[in-house]
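A single chain, nothing else alongside it, follows as structure tokens in the form predicted on its own.
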């Protein structure tokens, strides 16, 4: 073979298949667990402590539906980009482009929220006048971008360790306050009385859906690892569903401890509910443990968000929805390094100009838009490729009930967000409409329509 021939056919570098179910668990739980440390408690401000418990389980139902639907479609369409790859194969390019943007914004703004939490927690612990959180934001975001740049296996091994430690801290706190004996440390009966259980009635419960999403936001990020797991049919369903069970238990323990130690007026406004719970036990050891665990949970979440946002952006470049420059894979580390580097200054910019509530809300808005799509997507998937027509890695039960439940709960959540952040909701919808028009009239010309369908299935009519 001549030298010219060899140089004309370069070796294609792909992402490495090195992950197992534990890494999928670490990615999903790592992204979400920070919601137990802060964010969920703002739902108490909307409707009281009892409302925060109600939405914990109702939103848990929403995310169980998400996990079931995701496990079926992603274990069957095992490609980087997760829900983006699903939309590309099942609906079409315009929907796929929007879904990828939903994911990038959801994960980037969640990363921003995590970095703000890291900075504010360190500043609060230091108690030094004039100390600014900006340096801590920058170190967190840049450091995690560097870790993701260097390789996915090391990144998720790191996430597994710090996520497990942060989860263990919740368990230790729960057992340390004698939860089986009210009145020893916990005083749930004093904090939640018939008069203040639901201070704003059932409309307060509906409003609580806004921040109730934060209990589990990001568990769907497990799908971003689809192209890097050794066995998608095994790792994705097991890792995702194990993650949901883990988080439901953590959410219940967190609520019980915090609601038993703090009045709902304070619980609904603090940025550090679990750290505050550690302080209120009177134990310096528990206080310090929850301080460090809060940092670990925030870092684990931000780390997973860098991973997921970069892979969604990478997928857009690989399919020419964005310039192909973003689709480069590092020849040594086998990571989408250009996408990681490109999103780094965007995350830094939002971190410097946003506050925690704003960042959480923008992440929630993009996430709920994505979940609404998923409820429609699974119905189209089952209609176009009925059971038995293609090989599935996993088949979720009770279809179409999970899709119906998911859609109804998404509509309720949109209404809850509108009650408190109507302007932001409108602005986000307008933004996605504008970029859709841009994609349709400009960027779509660069997309190779015939290359979009990569699965070895019969193409549905009209694709």
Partner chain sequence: MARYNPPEQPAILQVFDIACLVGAIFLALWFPLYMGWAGVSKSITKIDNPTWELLHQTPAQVEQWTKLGKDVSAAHDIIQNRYNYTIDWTQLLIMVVVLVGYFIFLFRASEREYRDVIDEKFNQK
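From a predicted model like this one, the values you see are computed outputs, not experimental measurements. Numbering follows the first chain given and starts at 1.
The following text describes the form predicted together with its partner chain, which does not appear among the structures shown.
Position in contact with its partner chain when the complex is considered in the predicted bound form, options 435, 401, 408, 61, heavy atoms within 4.5 Å: None of the other options qualify; the answer is 435.
Listed residue that, although its partner chain is not shown, lies within 4.5 Å of it in the predicted bound form (heavy atoms), from 143, 331, 183, 323: Exactly one residue meets the criterion: 323.
Just to confirm the contact call: exactly one of 313 to 321, 294 to 302, 237 to 245, 146 to 154 touches its partner chain in the predicted bound form at a 4.5 Å heavy atom cutoff, so which is it? Looking at the other structure, the answer is 313 to 321.
Contact label in the predicted bound form: residue 98 to its partner chain, heavy atom within 4.5 Å: Heavy-atom contact with its partner chain at 4.5 Å: present for residue 98.
Does residue 447 make contact with its partner chain in the predicted bound form, using a 4.5 Å heavy atom cut-off? Yes, residue 447 is a contact residue.
Please tell me whether any heavy atom belonging to residue 358 falls inside 4.5 Å of a heavy atom of its partner chain, as the geometry stands in the predicted bound form. The answer is yes: residue 358 has a heavy atom within 4.5 Å of its partner chain.
Does its partner chain get within 4.5 angstroms of any non-hydrogen atom of residue 179 in the predicted bound form? Output for residue 179 is no: heavy atoms all beyond 4.5 Å of its partner chain.
Can you list, in sequence order, the residues from 357 to 389 that come within 4.5 Å of its partner chain in the predicted bound form, counting heavy atoms only? Contacts from 357 to 389: 358, 362, 369, 372, 376, 380, 384, 385.
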